[in-house]
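Shown next as structure tokens: one chain only, the form predicted alone.
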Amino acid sequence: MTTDHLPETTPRRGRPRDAARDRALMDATLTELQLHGYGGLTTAAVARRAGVSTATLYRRWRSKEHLVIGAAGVWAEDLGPDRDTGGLRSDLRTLLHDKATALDGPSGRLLRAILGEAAHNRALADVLTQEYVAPLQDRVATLLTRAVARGEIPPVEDPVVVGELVIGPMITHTFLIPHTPDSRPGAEVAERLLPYLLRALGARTE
């Protein structure tokens, strides 16, 4: 992930922003979130881990909440580009495995750390919707449109529900069920979920 998504602030006079310092602060934020969760995160600890002063941090993000929102933007879920594989089954399998890879990476680690806080923090909930839910919903809608055009499935009345059928089971299986350290729960549930999604959509069975 590049620093292209770093949050923008009102331009200030003086020296330009140091992108390397910004990235160090974002890396430190993710590490502190993993170690202590949102409730235990402090701006002082993030600044110390990044090797900068708290004054430097506050020149960029004016509160802990804004710091975490900035980090969520940096590690926005990267599902990769939509790829037309020629069929609904392979399109869905590719999406599910891309989702599994994202959950195993930095975006998934950040999501795990702030998911509970987002339940009663509207700003965090909004950024999770924008950066995590919306990209998957858009990709689901695109692949369903292709499948309908190919005649593989009947028109889908509510593509948003299909997206939720992807998000819910994968997050539940990956985050809430205990797994061995070297396992790949996302990839496992992706294969298990695929036939159920196909049947729910009315796809022809092989």
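Start at 1 with the first residue shown and count on from there. Please read these numbers as outputs of a predicted model, since none were measured by experiment.
Not pictured, yet referred to below: the form predicted together with a further copy of the same chain.
- Note that among 52 to 60, 145 to 153, 22 to 30, 167 to 175, the stretch whose heavy atoms approach a further copy of the same chain to within 4.5 Å in the model of the complex is 167 to 175.
- In the model of the complex, His36 approaches a further copy of the same chain with a heavy atom inside 4.5 Å.
- In the model of the complex, a further copy of the same chain sits beyond 4.5 Å of every heavy atom of Ala44.
- Of the heavy atoms in Gly116, some are within 4.5 Å of a further copy of the same chain in the model of the complex.
- Interface residue remark: Val162 is counted as part of the site for a further copy of the same chain in the model of the complex, having a heavy atom within 4.5 Å.
- In sequence order, Ala118, Ala119, His120, Arg122, Ala125, Asp126, Leu128, Thr129, Tyr132, Val133 are the residues of 118 to 141 having a heavy atom within 4.5 Å of a further copy of the same chain in the model of the complex; the partner itself is omitted from this view.
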